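Before any questions on binding or motion, here is one chain by itself as structure tokens, the form predicted on its own.
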Amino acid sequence: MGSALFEFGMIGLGTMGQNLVLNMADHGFSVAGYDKDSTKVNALNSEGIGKKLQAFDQLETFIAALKQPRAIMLLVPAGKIVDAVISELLPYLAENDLIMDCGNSHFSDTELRINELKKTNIHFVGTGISGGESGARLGPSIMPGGDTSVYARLKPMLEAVSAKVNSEPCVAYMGNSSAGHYVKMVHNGIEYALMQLIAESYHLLKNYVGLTNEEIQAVYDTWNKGKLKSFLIEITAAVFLQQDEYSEEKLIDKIADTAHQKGTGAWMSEDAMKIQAPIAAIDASVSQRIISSMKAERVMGATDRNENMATITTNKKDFITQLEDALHAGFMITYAQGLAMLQKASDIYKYNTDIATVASIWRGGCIIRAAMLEDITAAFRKDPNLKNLLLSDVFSTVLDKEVYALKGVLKAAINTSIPVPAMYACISYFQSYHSSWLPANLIQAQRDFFGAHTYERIDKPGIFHTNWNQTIQ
């Protein structure tokens, strides 16, 4: 590119950063890249021959190559590294420059960075990006928040590089301040639960129905052609086709049964407790990843058990159909929990997030994209004040039928000692949400009994305390 000035800068030229730079260049935007690792710099310069991009390994040279006011994107690990990069940049930046953090930063960190940089009139935009390596290259789902005027500067580029569904770009303004990273956190929490639900269905297909890997692959492939059509079901089917390069077996049977996490699911659980939003399926999924990592203890515990692990002998086809309905119900209930929490958080943190818009940009590019997001988007567009998807006529009608399938699957799981915590959490949430009475009156009484915490009555307003007949010493 010679001495030409670039429209955008990208700091962090790992796979995600490099792919996003190439995506931007493919859509006619000129991009400068920066990384301290000269190997990554050389790789991008080789890949970008003939494109409007250039990579640098010197920060000052990189900054000098950008048009003013500068627009600099970050794709670096969340946490202290983001702050370190910002500190390195500050001496070179001027008023109205913007920094766009495209990593998985905690929304509270984004909030602090926005407020700190505002003092020097530098804009900071927290932006969630989902889609993995291929999404970054071919079109991700993008979730920017912050100042609306700053989003307007970024909008043409973001819309160009994002995924498209029905010609609509999978990017939109998510709301004020740290809304972009909050929405991405919710996306990731939903992702945790959907993956756990699928894993539980796999456990049942393998150990209860007794299917081979080839038969399980066929089940998921069939499901992906119907109401469960989604990216996660699609890749699940593909997983069972992968041959292990070191043996004659399928790779799935060589992978350890311990799942890891980077923390975004736990972040959602933490904030859900803080704002008092029930997300039972997501909480259960975070816990189950932790339990999966306790391999040595699980092995010790298994030697002390003699549970019934019998497989089904008849009506396998009927159970698989029932399991499809149950998984579909679990998906819907999970989306309902996540979006209800997002709506509550938007009110508390004053994000002004439009839930229909969020659902619409998740229809393509992102990890949790699924056919049912079309109906979810339609439900919130029809009623922007919808408190919970479970109250939508479209979903309540479907769930009235499918919840029976979920109950049937749970009975089979209990009887054969197959743990399905996310499914349990889904049915408990569904039943609790649809209960006009819950036994919390007893909890109020207990709290007042042992701690004088008071209680409310059903027949008169006010706060009450009773001197209970405390015969217990």
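Each residue number is its position in the shown sequence, starting from 1. All values derive from a computational prediction rather than experimental measurement.
Separately, the form predicted in complex with 6-phosphogluconic acid (6PG) exists; it is not shown, and the next lines address it.
Not one of N224, K227 and F331 is positioned with any heavy atom within 4.5 Å of 6-phosphogluconic acid (6PG) in the predicted bound form. Shown without its partner, this chain lists S292, T377, N207, N104 as candidates; in the predicted bound form, only N104 has a non-hydrogen atom within 4.5 angstroms of 6-phosphogluconic acid (6PG). The contact with 6-phosphogluconic acid (6PG) in the predicted bound form, taken as any heavy atom within 4.5 Å, belongs to Q261 out of N176, Q261, N213, S269. This chain is displayed without 6-phosphogluconic acid (6PG), yet in the predicted bound form the stretch 184-192 from 244-252, 276-284, 89-97, 184-192 comes within 4.5 Å of it by heavy atoms. Interface membership of G131, defined by any non-hydrogen atom within 4.5 Å of 6-phosphogluconic acid (6PG) in the predicted bound form, is confirmed. Contact between I367 and 6-phosphogluconic acid (6PG) in the predicted bound form is found at the 4.5 Å heavy atom cutoff.
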